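Just the one chain here, laid out as structure tokens, in the form predicted alone.
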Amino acid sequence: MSKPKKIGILTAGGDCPGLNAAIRGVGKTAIVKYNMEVIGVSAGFLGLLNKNFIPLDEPSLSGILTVGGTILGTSREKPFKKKSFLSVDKPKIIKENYEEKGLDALVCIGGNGTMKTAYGLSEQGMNIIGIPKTIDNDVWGTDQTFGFDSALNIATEAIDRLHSTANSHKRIMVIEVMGHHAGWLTLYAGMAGGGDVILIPELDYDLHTIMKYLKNRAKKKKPYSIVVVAEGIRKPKKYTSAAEYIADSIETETGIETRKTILGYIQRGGSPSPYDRLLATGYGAEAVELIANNDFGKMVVKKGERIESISLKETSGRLRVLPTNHPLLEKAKGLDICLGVKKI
């Protein structure tokens, strides 16, 4: 019989609900099914540089399924980013520490940046498996990342709560949702929460169209309006947030009292939804199956109801944005939801 594998796990980039569920999915499958030795890496790729390792056993993985955040910690360290000509060769140091620790494989849990780094490390000769997470749902190659469903629940509840205060004060409420380049979270939360105006990065908006729409609602005696915007929509540089710009523009142009709410990091915290617990666990378990089969340089993905894998090369450097012909956008138009697009 061959010697059981020793594998490492790290979480990198921004935190999101489901990270601990994924760590547990990897660790328990590796230990229980394959008798592998599991090593946690603290603070993402920074931990690999600094040799910050934590042995993980079954007891240390118990009770973390429902817990938010990550027991391993995380960081924004990008080892392939060149800061100056004097920079040390971080990928080389990481590989040396990986080999010194005797790791047979490394599971990297993270978003787009993490998958790009994971591919780079696999090109350095390391055995890497990627697991996609992000509340933005913008990792290319998978139908869904874990973290998205939990954030969707949080954002939708926030919009639900704004309806009552907007109605009480007869105001327009602008709520900003996370999403720099992709509007998945904004569109889904906006639709689920009954938003009247939904603005996403993929569709350039026309302020005149939005103002005309909101004025018409007021003329029809609609007592209030809810405007849901993605943080990454176009705005003048002097504004610190999309919500601030849109709220100021609306109040100036319509004369209707307008208030803004920025959800921010609230969307990334707390216990994962049941769906995200299942998805993260399934991703973790599949990552171990790939390792057991010596099938490296892959990222686990969701395709329909199945969990499969694609090459890290395929996803590296690519972004999954919302298609402008997405069926939900068409449904929104049919419901008289304003997407800010000027009608030709």
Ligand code: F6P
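Residue numbers run from 1 along the displayed sequence. Here the structure is a predicted model, which is why all the values come from computation and not from measurement.
As for the form predicted in complex with ligand F6P, it is not shown, yet the points below apply to it.
Enquirer: Which one, 202-210, 186-194, 173-181, 253-261, holds residues whose non-hydrogen atoms are within 4.5 Å of ligand F6P in the predicted bound form?
Expert: Selected range: 173-181.
Enquirer: Among the candidate residues 101, 76, 235, 95, which is the single one with a non-hydrogen atom no more than 4.5 Å from ligand F6P in the predicted bound form?
Expert: Partner contact (heavy atom, 4.5 Å) among the options: 76.
Enquirer: Let me know the one among 128, 135, 228, 115 whose heavy atoms come within 4.5 Å of ligand F6P in the predicted bound form, would you?
Expert: Here the answer is residue option 135.
Enquirer: I'd like to know if residue 268 sits close to ligand F6P in the predicted bound form, meaning any non-hydrogen atom pair within 4.5 angstroms.
Expert: Yes.
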